[in-house]
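Below you will find one chain, with nothing else, as structure tokens; this is the form predicted alone, and questions on how it binds or moves follow later.
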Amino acid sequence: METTTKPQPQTARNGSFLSVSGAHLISRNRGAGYARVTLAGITEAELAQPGQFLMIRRLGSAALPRAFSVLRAEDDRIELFIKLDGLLRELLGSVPYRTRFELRGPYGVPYEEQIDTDQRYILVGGGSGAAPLLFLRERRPDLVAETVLGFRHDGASGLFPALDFVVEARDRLQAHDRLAEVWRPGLGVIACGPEPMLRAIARQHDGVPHVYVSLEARLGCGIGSCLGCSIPTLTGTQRICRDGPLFASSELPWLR
């Protein structure tokens, strides 16, 4: 009898692991301006790694898909942590349970492939940029020395009751200010969040080794074809979606 071999997943740089048209919303926890959302019905969801993202749109929608970082992936479920702005994010925050979504990915290079895994890091997240960092902390706690999460307003604290946030409106501090208080020589930094925060961290740690920034962009295709997320680096033009999203701060002199 002829046997068939199950195809092996492609690498993150060469295409999608997953292409799902039947993912459906099963849970949602809203805060002020943010939400944690879980989609189920995703075969091999656990293939997603910290730092990777998914391209998602509502099933049947004519709109382009949008990129979302993964907060958690297990069994047939993907959890997202999103800021409730923009059409699709508002939909995820308000549509009925069982609403179906199209999903493909994960794309991008996992953080662990870009960093020195013999090093320990302070994770610095701003807003929804906290998602991939918390995923990394869950999967690789041995890499994490400290976690700093910053928000402008106290709208997400109820979504992560066990975590301590820096809230600018309350503490008169931003995430990079807290980083300056807790960082010590020998520790690396992995930061994800708004560009002003990343610029501040890059300036603070100019010349310090093992400082990485995870860049955000409005991605068109997610696989590097459209070139819409191209950026200059010291080694030439690279694409956030295919070569990143994580880059060493030292590669990006324009960020400082």
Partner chain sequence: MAALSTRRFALDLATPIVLASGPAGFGFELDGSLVAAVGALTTKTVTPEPRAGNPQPRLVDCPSGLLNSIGLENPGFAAFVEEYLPRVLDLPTRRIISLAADRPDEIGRMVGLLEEISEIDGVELNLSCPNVDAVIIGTNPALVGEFVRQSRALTTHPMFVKLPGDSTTMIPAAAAALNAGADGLTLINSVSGLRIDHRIGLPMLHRTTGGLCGPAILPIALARVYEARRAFPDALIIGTGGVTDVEGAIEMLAAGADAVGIGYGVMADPSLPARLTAELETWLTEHRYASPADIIGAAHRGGFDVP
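All values derive from a computational prediction rather than experimental measurement. Numbering follows the first chain given and starts at 1.
There is another form of this protein, the form predicted in complex with the partner chain, and it is not shown here; the text below is about that form.
Only one of L219, I42, M197, V37 comes within 4.5 Å of the partner chain in the model of the complex by heavy atoms, so just point that one out. Filtering the options by heavy-atom distance leaves L219.
Could you work out which of R58, H210, R30, R66 is the residue within 4.5 angstroms of the partner chain in the model of the complex, going by heavy atoms? Only one listed residue qualifies here, and that residue is R66.
Just one of 185-193, 58-66, 45-53, 198-206 has residues with a heavy atom within 4.5 Å of the partner chain in the model of the complex, so point it out. Single hit among the candidates: 58-66.
Triplet E102, R239 and R242 all within 4.5 Å of the partner chain in the model of the complex via a heavy atom: Verified in the model of the complex; spot residues all in contact, yes.
Looking in the model of the complex, any heavy atom of V70 within 4.5 Å of the partner chain? Answer no; every heavy atom of V70 is more than 4.5 Å from the partner chain in the model of the complex.
Evaluate I26 for contact with the partner chain in the model of the complex, applying a 4.5 angstroms cut-off between non-hydrogen atoms, and reply yes or no. No, I26 sits far enough from the partner chain in the model of the complex that none of its heavy atoms falls within 4.5 Å.
At 4.5 Å, heavy atom to heavy atom, what parts of 213-230 sit next to the partner chain in the model of the complex? List them in sequence order, or say none. Those in contact are A217, R218, L219, G220, C221, I223, G224, S225, C226, L227, G228, C229, S230.
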